[in-house]
Every structure is written in structure tokens, then in C-alpha cells.
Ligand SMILES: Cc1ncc(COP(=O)(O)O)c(C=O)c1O
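Next up is one chain by itself, shown in C-alpha cells, the form predicted on its own.
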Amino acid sequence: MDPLTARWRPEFPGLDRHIYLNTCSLGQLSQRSVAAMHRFMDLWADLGASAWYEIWLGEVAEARARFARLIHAQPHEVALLPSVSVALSVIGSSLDYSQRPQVVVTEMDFPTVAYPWLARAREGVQVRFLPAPDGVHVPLEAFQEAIGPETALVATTHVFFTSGWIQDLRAIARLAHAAGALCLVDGYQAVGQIQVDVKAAEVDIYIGGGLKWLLGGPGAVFMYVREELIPQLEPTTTGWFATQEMFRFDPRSFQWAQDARRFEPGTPALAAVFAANAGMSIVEQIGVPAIRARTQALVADLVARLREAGLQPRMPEDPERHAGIVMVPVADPPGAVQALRRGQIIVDHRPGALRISPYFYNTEAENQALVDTLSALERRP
């Protein structure tokens, strides 16, 4: 067994119960995250509301700082929110569409990326979808042709959730900026499994969270907003955490916080924050380069075994543009997922294909078990 995998598998007891190849839907639960959530509950029981001032706000600050390190940002550029949908709604309420009504998205983005702008149609917001002719990626030329003087925002994805394609963020951001538009990136399928540098990418807004590759579960999402942009955005989707002096409790006076906290509408889910911090600490301890190398090796191994078995994964040709998501077209994806589950193999499906996502805690033997079971299923009449 690979040394990295052997070192970390015991941290994830769920791996003893089944073959888990579905991290792109939900990362495995670690003993470290379980202990962190128990610590939160113990503090709740021991200290009650005073835990807020003594400990819990510090845990929130630590989570912002840890995420900032992972994406090469500064802690004051990071806001904590409960979901990507809330983060997008906050940003959506910050923009002026009167002169620039267009938002550019792609048909490969997760639907959440498009929905907040489609919901603003009554405000005159126009959503332009860019096609993906091969079902794997969107050509850069499509962005170049679509972005123009009416574009307020390019909202797209770092890693596409149905192909694993890694987009060239700097190229997209530069096209947006050349037209006077902002660039927002959903990095949920990226941060943790591949290296992210928001400064080098020149993006304005970058969103990621604990649910998947950061191993922290649902309920904690982090949004980077470029330092120079923060004072220019005044969200109307807001709450008391977004105020400059939240503990004044003054209902008649509202002043936005001067840092990214202005994008935080309200009280965070603290158990989720504790779990997210623990998950990110594992990613930090291993190091994203090591995680990326191990995941690439597992993906290459899986693809080779699938092809040898006569299955045809839908893949980018360049492995450097591909993250840890492998799509395999099959006759009945939902039925295949259920049949695999009965064999204690956990994967997922998206339209027309199985979605398989090995991570550093998986093994080549698990890849083979999946391929053997899937091959038998596909041969059945």
C-alpha cells in the first residue's frame, strides 16, 4: 500500500465498512473531525453562551485563517458562510446591473452557480450560458467571445463537477477584467485536492468549503474577496455579523465591516466550523502537493483498469488539466450506483454516467474491486 495511504486510512473508520470512491460528493468523516465536534459540544455544556466570547469566535477566526493559507490569501479577505448558495446570493445583492446586466456562466457549472442570476431576471439580469461541445470543457474562446461591455460578472467553476476539467482561471479572469467585469469562481471541487493560488489566478471572488475535498462536512463555506474589492461591495443580503461593531446591538445604525466579514449575514453553524477546521488541518498536515500527486496516481490507475475492462471513461486528454473525478458512461447510472452499493462500493452518478472520485485514502485494490463489479454489471443482459 502507498505510504501516504497507509498512514492516513486509520483516521477514517468509514473506510473499514465499505469501498468509498465518492469524495467529490462528500469527504470521508475523520476521527479528528468527530473529536472536534465533541469538543464543541463539551464547551457548549460547560460554558454555555460564554463560549462565544472565550473560544467559539476564535475557532471561526482560525477557520478563516486556515482556508486563507490553503488558497494563498489573507484572513481578512475570507468570509464564513453556510453554503455556496448563500455566498452567491450575498455577492448577487452587491452588484449594480443597471449598466452591465449580463452574467456569463457555463453549462458545465454546478446549477447553483447560475440560479442566483436567473432568479434576478425581474431586475433585468441576463444570463449567458457557454456551451461545452465535448461535454468535458468549455473552450477559452467561448469566454472571449461572450464577455463584453454589458458583462457585470463571469461566474464559473475551477473544476467541473461532471468531468474533472481544471479551468485556466487566470486566462478567464484576465478576459473578464479586460472588459471591466468581475470574475467569481466556485472552487468547491478544487480546493484541497489541487493547489489554489487566488492571487496568481487574479480572480476577484473564490468560494470553497468543507463538504468534499477539505474533509469537513456540510455547513461551512469560505468566500475569498480580493482586498481592493471589499469596500466596493455593499450587500443587501446581510445581518448582524456583517456590521462593523456587531456587539453594540444598535438596531438604528448599520455600518459594514471593513473586511470580508461584511459578507457574513449571520451566526455560523459552530459544529460545522469545528469539523471544517479539523478537516482542513489534515489537508494542511499532508500538504496539497502530496495529496494531488497521490490522487493523480489513483486516477491514472483507475482509468487504466477501466479501459482494460472495455469501459470508456470520459476524460480530458491532458492529465494536468484533470482533477480527481472520473466519469464512466453506463447504460443505467442510477441502477449501477444501487447495485454497487449493495456490494459495499459507494460511488455517485450524474446524467448519463457514473461519477467516481478516488482520494489519497483510497487504494489500487479498491479501484480493481470497483472495475470488477462494474464490468460484471455491464455484461448482464
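Keep in mind that what you see is a predicted model, and the values were worked out from it rather than measured. When you see a residue number, it is the position in the sequence shown, counting from 1.
The next section is about a form of this same protein that is not shown, the form predicted together with the ligand.
- For the chain shown alone, L211 is a contact residue for the ligand in the predicted bound form, at least one non-hydrogen atom being within 4.5 angstroms.
- Proximity of W117 to the ligand in the predicted bound form: non-hydrogen atoms within 4.5 Å are absent; the residue sits far from the partner.
- By the criterion of a heavy atom within 4.5 Å, F143 is excluded from the residues contacting the ligand in the predicted bound form.
- None of the heavy atoms of Q244 is located within 4.5 Å of the ligand in the predicted bound form.
- Contact annotation: the ligand lies within 4.5 Å of heavy atoms from the stretch 76 to 84 in the predicted bound form, the single such stretch among 171 to 179, 132 to 140, 76 to 84, 306 to 314.
- In terms of contact with the ligand in the predicted bound form, the residue from Y97, W256, W240, F110 that brings a heavy atom within 4.5 Å is F110.
- Of the listed positions (Y224, Y188, F263, F274), a single one reaches within 4.5 angstroms of the ligand by any non-hydrogen atom in the predicted bound form, namely Y188.
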